[in-house]
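This document starts with one chain, in the form predicted on its own, laid out as structure tokens.
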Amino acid sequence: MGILEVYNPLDIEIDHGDGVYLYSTDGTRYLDFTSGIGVTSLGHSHPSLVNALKDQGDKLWHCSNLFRINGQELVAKRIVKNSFASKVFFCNSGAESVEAGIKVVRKYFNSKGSDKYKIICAKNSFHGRTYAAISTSGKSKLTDGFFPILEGFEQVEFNDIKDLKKKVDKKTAAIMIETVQGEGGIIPANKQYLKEVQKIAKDNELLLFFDEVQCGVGRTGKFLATEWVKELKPNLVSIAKGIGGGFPLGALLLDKKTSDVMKRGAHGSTFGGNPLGMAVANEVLNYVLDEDFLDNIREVGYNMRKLLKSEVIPRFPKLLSGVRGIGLMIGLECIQKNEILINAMIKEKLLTVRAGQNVIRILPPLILEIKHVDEAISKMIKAFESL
């Protein structure tokens, strides 16, 4: 075909999308609970995003950061106003935002004349597929064949504060974790764990870096998932996926002390923060910064988990064991192999995603309504009854 065969796509070719639905080239309609892996936050072909992209496309696509880009200033100001951040760096993907954050950690301590450089990360994590990103995870699935991986990353058990305490030493510079592990199986960090992580970081003068590429931008019912713990004061947060609503876009959010060390020339991106991406991001923010919109995410997500617990899991005790998650980031715990269940749902025109620990990942568009939840539950029951 000419395409590097690093993917294993379904034998479904998508023609177009509308809201929470995707349509294949043969006209089949699918209820999309993948959102392109948590990306199409406002669903498919959202009129506001389409118009924003068209309007900007008529004016200017690209000029690089050789020039001031007004859209960057507008989007950055809105993010800063509604988060812990003092500054924002725009890039093109989640992996790039993570890479930028790792550079900031090292730059910060170097600027202080410190030799701290180690970053503590969590086992079962996923931060992207660039060299630093796979090195943070340490997963053989990601690193095999690519040795030597980068030094300076140490993995600890997620949600295990004792293990974290043991690994902190004089060379430790930062703690970097996903607020909710996505690829690893939809595993939220415990609130008490996060509070204790904050204390360890403060006591040891470490930077606190959260990867919210998948769980940020409204996915959990807060703009940032770190907001669920009021005491939490991040230094760095990576976002991507949902902030572009489907347009390739990532960002690193920095507090004042970390942003102060990143001087001109310290980092950059040719395409990062381009006018098209900024036009779309500004429209996405109109929704994900609105408290009523976030309330709906929390309510619909809660109701979906409740219905899964009451209507689906008890019916299929040999297939399913439980549900976990927060907002519209939901994991269905499987006894039967998750791929078998996912394929059964595809036959009923419901699309979901695999995750680690034999979990089905449910990441619907954030515009989801309860009627769509009811439709999904019906499709699941029919799918699982066929097994």
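The first residue of the shown sequence is 1; numbering continues from there. Bear in mind that the values here come from a model prediction, so they are computed numbers and not experimental data.
Just so you know, the form predicted together with a small molecule exists too; it's not on screen, but the next bit is about it.
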query: Touches the small molecule in the model of the complex: Tyr108 (any heavy atom, 4.5 Å); finding: no
query: 4.5 Å heavy atom contact, Ala225 to the small molecule in the model of the complex; finding: no
query: Exercise: Arg219 in contact with the small molecule in the model of the complex, heavy atom 4.5 Å; finding: no
query: Ile243 within 4.5 Å of the small molecule in the model of the complex, heavy atoms; finding: no
query: Candidate stretches 67-75, 94-102, 190-198, 305-313, one within 4.5 Å of the small molecule in the model of the complex by heavy atom; finding: 94-102
query: Sole residue of Pro234, Gly301, Gly273, Gly128 within 4.5 Å of the small molecule in the model of the complex, by heavy atom; finding: Gly128
